[in-house]
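Here you get one chain, nothing else, as structure tokens; it is the form predicted alone.
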């Protein structure tokens, strides 16, 4: 009798230990997540510590300006704001052409802080929005990975995402761009989809649609979600994994998500009229056909089911054919087949370079190099394959989604370097799964072979707890029918109740013994564990270096190190300050589109083109002016009411991202609209040259003259440090433009259009004098 009593007494003891262990693990996981959030936030503060609290890059200045307008004038004025300081003389409707998620988020944070009497400026809130949401993205990654492979993999993936350089490059303090909040929205939407898929809850399905709506508000990359999820649903149907949970996870997202997306002004009817969304509707029809087939299978006899399947298949095929015909008609009526230019450039990497040079001219739209993968995701590139294999052991609906996510993101990142940002979460999730599984194998192998544990006959606590849980479930199942028939169980019944408890414990021991046999040797496990720790340490060092050195410098303030110390180049703000204080409020400034947002936000002057690039003809007009001789360029700018022209020049200090290096894109974009601009006219034997071998068309272009005017006075030779050569045309004068300001390091140069009145008056005087001398008789005095 003693043995059965001991075994039955072991059940509550081990169950209590398991409960305490789970509670301690939950508390520990919470504090680890808290530390991961602090890490994600703090590693992005190098830009503020090393430089100052300032907005970075070009696009964030427009977002900052819009946020200022929102906080000052309110939400209704924001939706109806017509900005007459951009794209002169066309202007721009801001509320209908901007993704409002980032602006509304930062504006809400600013409003809440001020409501709590925390008086922070709008600029400060904008600077720290990205680091805050990077912490949120890390926590969302934990939730997503936990749904796939457990809490251990989730914590590892969250820690990896907090430091991955690819994400840091877009979320450092001051990087106030759409991706700052969009990556969190992307991961959180995927988490809610997987959560709904695992639970079949309509509550999570509704939250998923709301998260998708926030993603639509935040970034144009929402089309990745509305295509990836239908691909996964179709994959599950094809491999025979359809369930009611799959239907609940997908159908509300398409219906409610599309309705909500159509509420965003910049999207509107594009949510149902463009090719990027058609895949979701087609899969929506397919899943309803499949759901109907499964439904009638349960209520009809096999013979009737065959007849019904034939009927449903026929009707479904007819409906699909009709929908496909409508889609083909809509697509065929569009010159771009219903796809946007950026989407077509993803499907066909050569499309942009052939037909839309304005897209190909953007550096972040170029394909990445192999070193950029190692720079942006580092050792994760080698862990991703192991994580994919782990997702197949075993394959579930959630793990199949992760495999599909990593496969598609690898392709898109190979097409466009900007989409390395989409690859980063997928790489962190799969790498987190791989590291978690590896640590589990190695630590279990070491634990099984330690002297204190190998001699112990007791079952491992983790295995015992799971076995006891199963035993209790079985015991409950066996007890319920007996207790309903008899209120007082006999000794025989007590023995029967004890038997199911003892059998699973024996099964657990056998399972643990099998794992012991599969354990790796102790030395190999210890060395492998050490190598994994070293790999993680190398990853941490690389990520901290990338955050501190590679991605912390704001593009508006540049630095360089030399033998005589650190040099700071603050020429951009110097030039914008000069424009703000020395020009009239209504003056128009022409420059290449890269600097439009900064000019409007920092100098508060009207620009001809900016970074929105919505009007290719307008940009081509500016490109044509820059590519034309001085007189023709003056006429183009004068017709646009331009008073000042701004060019960026890096030949003196070695700044490579200047307008001379971008000049061929101006030629290509201008030539795409105005055929008299031909790229071969600017090339010598197919080479782009600015030295003595440069073509006359190149050396007489306005961009060349505005960049190299008086440049020979700097060193007497006119040596360009970026192109590493002496310029071809050193001594020339400007006839239609005059230099009004050049920054300290010659990085920004501003010219003013000469007034046409003086020149026209001069020509009139000459023509009048010639006419007067021809008509007046000799000896007659000329009218002065």
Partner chain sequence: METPIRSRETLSLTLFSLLFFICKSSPLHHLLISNAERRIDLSSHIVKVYLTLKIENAGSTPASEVLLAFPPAQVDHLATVEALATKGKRKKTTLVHLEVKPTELPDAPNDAKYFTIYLASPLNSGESTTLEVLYMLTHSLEPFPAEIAQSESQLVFYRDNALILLPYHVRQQTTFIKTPSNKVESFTRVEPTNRAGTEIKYGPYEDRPPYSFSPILVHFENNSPFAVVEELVREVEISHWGNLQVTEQYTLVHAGARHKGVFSRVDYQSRPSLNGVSSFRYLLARLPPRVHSVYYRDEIGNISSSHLRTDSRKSELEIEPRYPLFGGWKATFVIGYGLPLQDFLFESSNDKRYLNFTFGCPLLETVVDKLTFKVVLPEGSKDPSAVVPFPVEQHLETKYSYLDVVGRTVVVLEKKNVVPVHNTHFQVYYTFKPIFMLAEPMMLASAFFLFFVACVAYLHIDLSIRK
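For clarity, every value in this text was computed on a predicted model and none was experimentally measured. Residue numbers count along the first chain shown, from 1.
Keep in mind the form predicted in complex with its partner chain is missing from the figure; the text below concerns it.
Stretch 566-574 is the answer when you ask which of 427-435, 665-673, 177-185, 566-574 has residues with heavy atoms within 4.5 Å of its partner chain in the predicted bound form. At the 4.5 Å threshold, heavy atoms of residue 419 stay clear of its partner chain in the predicted bound form, well away from it. Although the partner is absent here, residue 721 is not a contact residue: none of its heavy atoms lies within 4.5 angstroms of its partner chain in the predicted bound form. Although the partner is absent here, residue 120 lies within 4.5 Å of its partner chain in the predicted bound form, judged by heavy atoms.
Put simply, residue 693 is far from its partner chain in the predicted bound form: not one heavy atom of it is within 4.5 Å. Contact annotation: of the candidates 58, 732, 46, 746, the single residue with a non-hydrogen atom within 4.5 angstroms of its partner chain in the predicted bound form is 746. Checking 39, 54, 33, 753 against its partner chain in the predicted bound form, a heavy atom within 4.5 Å turns up for just one residue: 54. Residues 738, 739, 740, 741, 742, 743, 744, 746 of 723-749 are found to place at least one heavy atom within 4.5 Å of its partner chain in the predicted bound form.
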